[in-house]
Every structure is written in structure tokens, then in C-alpha cells.
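In the form predicted alone, a lone chain appears below as C-alpha cells.
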């Protein structure tokens, strides 16, 4: 992780923090010991995240269901020895929730925009996430520099682009775990030729609700590099 800039991370007086969505029932149990840090992360998203332009103010009343928990469920497919590259990490989604859920895994937040990287540095430092490293770059620039067992992405381009960008930084047997919406089937049809050309597995779409926590389940597309 790069050197941390000095920031005031006292969020106690921020008015937007009081407007954060109440976590769905079962959230504390789902995060376990990481729950206080998850709460702190939610406060960052609702305050400094809005101020720095990382998240829209209208998202505050659905921070847990639409963003934090929506991303945390990806951790169900992460092993403790995985090295995860979170592409276009932005506000740390899904990388930071995964890091909270899987403290033994190594998480690399990949983000090209300087302002976002500075915010990520501030938040990761404040949360004390020792398993997180931040890299300012585009993922396609990391060929020959980084290798990942898992690539994660949320709202980052179509599957065809994601495959092209990441195929050379995924280790053999590694996989893509992409959070996608209802239109993912159409994206996968367009990616069919690339999947065959690069000897990737047939995609699996996991519908995950965190054991009933999410009213609207997340869709996680899994593709394995043979």
C-alpha cells in the first residue's frame, strides 16, 4: 500500500451518517468480528465518500443492501489463500467488503484515478485493513507485474472487455468473479467466442442472498481460467 496522506477521519459530526440505511436483520452475524469495521466503512461512504464524489448522495439510504452486502456476498467464493485483484475499485466495492470478510486473503484494490486512490488510502488506513494493498493503475497495465488467483469487478465494462483486460493477470486455475445485473445473460452471449478462444470455462451465474439477508440477491458470474 502506498504512503498514507494525513486526513481527519472523525466522522462523528457528519449529518449524513445519521441517515444511513439500517442494516438488514442478520448483518451483524454475517460480518461477525468485522461488523464494527463494516459500520465504519458505511459511515465513510455516507460522508467522505459523498464529499469526494465516490458515491452519490441518493445511495445513502441503501448503502447496506445495494452496496456493502451486495458486494460482501462475493466473499463466499473467496478462499483464505486467494490473491484478489479488484478491478476499477472506486469506492472499494467489492474489494473492501471482501477484505473484511476474508482477513486471510490478500486484496489488491486497482484504481487508476488519483482522487479515488487517495480516498481508498485514507479509508483502508482508518479501518486498519492489513490485508489490503492499493495500486494506482489500469489492470491491463499490470501484465508482468501482478498475478491474481481471483479478479473481482462491479459495474466495470461488459464481460467481453473485462475478459480482454484481465486474462493475462489471472493465474492458471484462477477465476473472474463479476457482479452483474439482470442483463448478464446477453453479455455472456457476446463473450462466447472470447471464452472459447482463451480457453476459459463456461460461465456460472451464482444467485446469492447471504443466507436471506439480501431481499434482492446478487448475481455473481464465475469464469475459470483453465
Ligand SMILES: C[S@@+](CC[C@H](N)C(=O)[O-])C[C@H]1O[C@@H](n2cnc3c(N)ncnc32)[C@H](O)[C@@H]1O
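As the structure is a prediction and not an experimental result, all values here were calculated from the model. Positions refer to the first chain, counted from 1.
Omitted here: the form predicted in complex with this ligand. The next part is about that form.
Note that among 123-131, 74-82, 143-151, 104-112, the stretch whose heavy atoms approach this ligand to within 4.5 Å in the predicted bound form is 104-112.
This ligand is not shown here, but in the predicted bound form it comes within 4.5 Å of a heavy atom of residue 165. Although the partner is absent from this view, residue 93 contacts this ligand in the predicted bound form, with a non-hydrogen atom inside 4.5 angstroms.
Contact check for residue 87: a non-hydrogen atom falls within 4.5 Å of this ligand in the predicted bound form.
Taking this ligand as it sits in the predicted bound form, the stretch 47-82 never comes within 4.5 angstroms of it through any non-hydrogen atom.
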